[in-house]
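The chain that follows stands alone, in the form predicted on its own, written as structure tokens.
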């Protein structure tokens, strides 16, 4: 539902002509929601809307011979083909890279799967969280120390895999223009997560001397303050590790005597006394709102941040000013708010300008008439 569509969205939102190919019954994300008033409708899925802005769409049944012929016509002049099916399924359909490259030697094919195109798990059935936990990221990061690991936010592995696929898919197209010929990009979401999540302070240390970091729960164990604290109307991420940041926090809090002690200039000493220190800071945070804490700390030079709820983030003035929250008109949903481009390119600005397509909206325009779909 997510990895290939989001990868393609990164191209469509920056001007590429992207064709979304769905089965006749529609992409499964059309059934996923969320839906207005929680009423399922194939044209009202929030997930499908977000993942497919600026695309054209056709319906093709690639399990049928005539459908595969239609699909082959679309691929004949394509630069990129992005997919996230099991490798064996693509071979069964005759849509593996070797087969497609015979008709279009310049095709760059991006395959994004949980475990990659090779190896004993390559054809296992799996979702985003399967890939996430294969990487040991769940054991490393999610949950309290000594307790069972917890699942991570949904689709993290898919979104990270999609970003990797888009970056290196673009590189493969550029490389094709330099050295000639297409190629097959094999993106394993588990390996991407292993690189960007588990790799940090873990893989190298384990390879070198068998040591790796473990879960710490809320907060950082080595330096303090670096934790989540409650306040008047929610929570804040309290961070003040460097001496200047700590002194800025002390100033905002009215310079309590205990904060001015020389030993508390050291973040490691503060961490060793965190159990006694955090309740004292919490007494102050509970007297203020998270916006007050964030703004006063930032003004003083302490990088503390309010923990936003989803509704608060949707109305966040900083994101609006940067154009990251945009409004688009959809023919069935009406006016919709969605996220803009996650990368800023002033000379070629991107982002969604057209809504996700209706099911089969561009069949007549893109498919040969008289051929079943």
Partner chain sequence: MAAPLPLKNIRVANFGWVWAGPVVGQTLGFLGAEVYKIESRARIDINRTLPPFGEGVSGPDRSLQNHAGWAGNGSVSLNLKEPEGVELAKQLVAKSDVVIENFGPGAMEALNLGYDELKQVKPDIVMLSMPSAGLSGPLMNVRAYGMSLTSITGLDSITGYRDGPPIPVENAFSDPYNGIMGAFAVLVALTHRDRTGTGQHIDYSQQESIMQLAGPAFMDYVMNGRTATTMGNRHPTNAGAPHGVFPCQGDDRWISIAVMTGEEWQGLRAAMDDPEWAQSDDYASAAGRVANIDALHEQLAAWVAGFDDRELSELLQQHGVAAAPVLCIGDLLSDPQFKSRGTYVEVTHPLGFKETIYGSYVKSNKFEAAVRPGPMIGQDNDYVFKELLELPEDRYRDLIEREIIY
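Basically, rigid core = biggest C-alpha set you can superpose within 1.5 Å across the two forms. Positions refer to the first chain, counted from 1. Only a predicted model underlies this, so the values are computations on that prediction, with no experimental measurement involved.
Another form, the form predicted in complex with the partner chain, is not on view; read the next lines as being about it.
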Identify, from the list 251, 184, 232, 296, the residue with a heavy atom within 4.5 Å of the partner chain in the predicted complex.
184
Quick one: from 141, 264, 71, 81, grab the residue that has a heavy atom within 4.5 Å of the partner chain in the predicted complex.
141
Partner absent here, but in the predicted complex, which of 280-288, 120-128, 88-96, 255-263 has residues with a heavy atom within 4.5 Å of the partner chain?
120-128
Within 4.5 Å, heavy atoms only: does residue 247 come near the partner chain in the predicted complex?
no
Is residue 224 one of the residues lying within 4.5 Å of the partner chain in the predicted complex, judged by heavy atom distances?
no
Contact with the partner chain in the predicted complex for residue 322, defined as at least one heavy atom pair within 4.5 Å: yes or no?
yes
Verify the contact flag for residue 63: yes if a non-hydrogen atom of it lies within 4.5 Å of a non-hydrogen atom of the partner chain in the predicted complex, no if not.
no
In sequence order, the residues of 9-31 that place a heavy atom within 4.5 Å of the partner chain in the predicted complex are 9, 10, 11, 14
Rigid core fit then residue 152 CA moved by 2 Å or more between the shown form and the other one
yes
